[in-house]
Ligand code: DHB
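Just the one chain here, the form predicted alone, laid out as structure tokens.
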Amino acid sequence: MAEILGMVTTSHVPSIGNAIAKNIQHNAYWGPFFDGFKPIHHWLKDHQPDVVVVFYNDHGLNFFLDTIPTFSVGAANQYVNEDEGWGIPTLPPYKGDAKLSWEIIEGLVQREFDVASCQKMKVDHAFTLPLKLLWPDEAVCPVITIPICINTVQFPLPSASRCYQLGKAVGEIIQSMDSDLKFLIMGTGGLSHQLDGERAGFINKQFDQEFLESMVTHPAWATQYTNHELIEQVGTQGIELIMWLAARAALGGHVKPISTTYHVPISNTAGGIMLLEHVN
């Protein structure tokens, strides 16, 4: 049967890409964030995942305001990155596996999730930068990728509870696969940040730290909040933490914490990184 090795979650702001391009990852401002990936790099070398399932949110590269599905799954053999206007380098295409993706899509539909299946899909910084952070020395991402995009742009947004259930379903589907593939689950976005309006620059350190702790001890903790309550707690863009919830639910029950980093700020965002290992 297929195996889920663990979960990595990370913030994904475009300025991460600029820091990489300018080679300033190790200065005083960025160093604590990028250093948070050192134990993850060691873990990846030891465990060698074959597939990474990425829960992320599109920012207009693939979906615009006229067509935004609540949940969408890539069903292609390749995913292309294009210029988003942030001044960050465009990264090479990412390898997909349409057969694997369709198995997940069919399993989700059987579990009554109405997902959009994307046989062509552009992937933006929320997908590309986290993968680059995992394999910074590789010119091309070395693993199969499966993008699962969750709408955080245009209301109505899916609830934290619904995203948690989505992730749980994805985990069940993977674990039922007749395959010897090793999977890593990834959730990108957050943590607390507000990029515009009267609360621009808002960061809720206390909530962020409670949320990080809950990933280990009580993974469904944040599902008690409505979306409006979450936005009040973590800012408009902080709602991206629903990707972390989906990833944690996919990982399943017992986990071993390997590494956690919390660094404030990275581009007016609370930078969070976490690696949890699945325990049978």
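Residue positions are given as counts along the sequence shown, with the first one as 1. Source: prediction; values computed, not measured.
Note that the form predicted in complex with the named molecule isn't included here; everything after this is about it.
Check: Tell me, which of 259, 18, 267, 25 has a heavy atom within 4.5 angstroms of the named molecule in the predicted complex?
Finding: Partner contact (heavy atom, 4.5 Å) among the options: 267.
Notebook entry, point to check: Which one, 192 to 200, 206 to 214, 167 to 175, 127 to 135, holds residues whose non-hydrogen atoms are within 4.5 Å of the named molecule in the predicted complex?
Noted result: Every other range fails; the passing one is 192 to 200.
Note to self: Can you tell me if residue 102 lies within 4.5 angstroms of the named molecule in the predicted complex, counting non-hydrogen atoms only?
What the structure shows: No.
Notebook entry, point to check: Though only this chain appears here, would residue 86 touch the named molecule in the predicted complex if you measure heavy atom gaps against 4.5 Å?
Noted result: Yes - in the predicted complex, heavy atoms of residue 86 and the named molecule come within 4.5 Å of each other.
Check: Does anything in 6 to 20 come within 4.5 Å of the named molecule in the predicted complex by heavy atoms, and if so which residues, in order?
Finding: Heavy-atom contacts within 4.5 Å come from 12, 13, 14.
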